[in-house]
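Below sits a lone chain in structure tokens, taken as the form predicted alone.
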Amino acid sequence: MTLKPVRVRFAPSPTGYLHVGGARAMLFNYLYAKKQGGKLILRIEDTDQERSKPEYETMLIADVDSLGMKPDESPQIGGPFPPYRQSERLAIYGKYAKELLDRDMAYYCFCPDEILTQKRELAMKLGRPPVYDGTCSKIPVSESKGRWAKGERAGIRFRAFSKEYLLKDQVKGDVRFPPDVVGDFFITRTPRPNEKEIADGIGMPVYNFCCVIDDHEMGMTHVIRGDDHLSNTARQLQIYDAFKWELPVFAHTAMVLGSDRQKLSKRNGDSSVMEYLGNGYLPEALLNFLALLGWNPGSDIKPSSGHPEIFTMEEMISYFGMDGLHKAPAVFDVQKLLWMNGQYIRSMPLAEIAKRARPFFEKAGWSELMQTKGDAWFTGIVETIRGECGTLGDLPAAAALFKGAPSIEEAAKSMLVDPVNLAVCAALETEVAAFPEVISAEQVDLMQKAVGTKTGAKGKGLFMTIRAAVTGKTHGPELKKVIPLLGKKALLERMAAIKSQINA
């Protein structure tokens, strides 16, 4: 393990919103950097000019900000190793590509894409590794430069070393890459139509080349990323070898599967961070859930929440370590995320939840009513219903009994037409009529006792009948919380509306 100050990076391509897989990758790097007192670098890998767009980068940065994982260096913040956007580092890649050409460790490849595709398909049919056959590797340098000078364009291939590489991965353990597993590979691609080379005779660099150069130049000590990048490592180790650069510590985390144990799909949770937050998931809950996808803090850990899976960010930083990362794939359980989010909604300070819930109510058409009733009323509603909601987006629907005309469900209707319960309803009307306009929770308790005394009803026959007469439902939040929020006038109107629906 390196003794240098820890430097890790999250290096997404700006091709759209940040998805949960990318968020988890950034989270693991963030936790490790904070635990070790190191730095997290956000680097934008945008050399794929067809798919990478500035507006996508803006969206991605907004998603990162919304999760609260602030990097220490980035294109927006700056830092000691600028620039942090690959499209602005092309001259750096050109310098290193030229060095490899000058050392005869790389060469021009003029093979057209269609020919390369045919060779690859033929190798696979014959059961051979689909590696390049080295056709252009034998072209003299002077001839290659001459062909380029005459306008013939080419990519640059690295002359792969024919030797075994051993990667000591912090998650996977010893990973061996046999000789000739990759063959000569491109470090720059053939310039596309209307695309200029980044330097004289050098086309646009490709991922594996840029990645190694950036990690070296920016002083990365650790590379923590998904194990879908493990195959890339075989090529990257060769680049490190060619320049005699010190390797960072690698940790390839287990992939995330859907609940059907297949590749994560939108149906199984592969949505963007923006979608989850827009649907009312809390960033704290989403990060807590993602942290436990492939990481186990240990059975002896006792979070302050009292639940073994509910952690604050400070606790996750404190407990995080490479030894807790799993080798086996993790399963993205959407229902577990929903459960965890509900736990956060119930445990987070009421004022904070009310603040975060407000935009969801405004979107659902509550603005005028919230302004009329005031903040205390709105906060009271959130307090009353948050225990039955999994997301902030569920809150307005759960609060429907406080807004508009009530509807009656069949179970409540059956209860209210029962002759035995008619006396309870009659006594309830009498008690409510005697209420002041502002009703306290204590008065609700006294009212229920009075109705029970007058009618002899008790247990479910009493409390469920009162609930049905007031809300049109047989289950829901405590009535001593609901009735004070409704007030006498609205309570009487609701009871009359429910009664008319029964008699209709």
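We number the residues from 1 along the sequence you see. The model shown is predicted, which means the values in this text are computed figures rather than measured ones.
Below, we refer to the form predicted in complex with ligand GLU, which is not included among the displayed structures.
- Exactly one of the stretches 204-212, 269-277, 337-345, 99-107 approaches ligand GLU in the predicted complex with heavy atoms within 4.5 Å, and it is 204-212.
- Scanning His229, Lys172, Lys119, Arg153 against ligand GLU in the predicted complex with a 4.5 Å heavy atom cut-off leaves one residue, His229.
- Among Leu491, Leu485, Val20, Ala11, the residue placing a heavy atom within 4.5 Å of ligand GLU in the predicted complex is Ala11.
- Residue contact with ligand GLU in the predicted complex: Arg225 places a heavy atom within 4.5 Å of it.
- By the criterion of a heavy atom within 4.5 Å, Asp63 is excluded from the residues contacting ligand GLU in the predicted complex.
- Using a 4.5 Å cutoff between non-hydrogen atoms, Glu45 counts as a contact of ligand GLU in the predicted complex.
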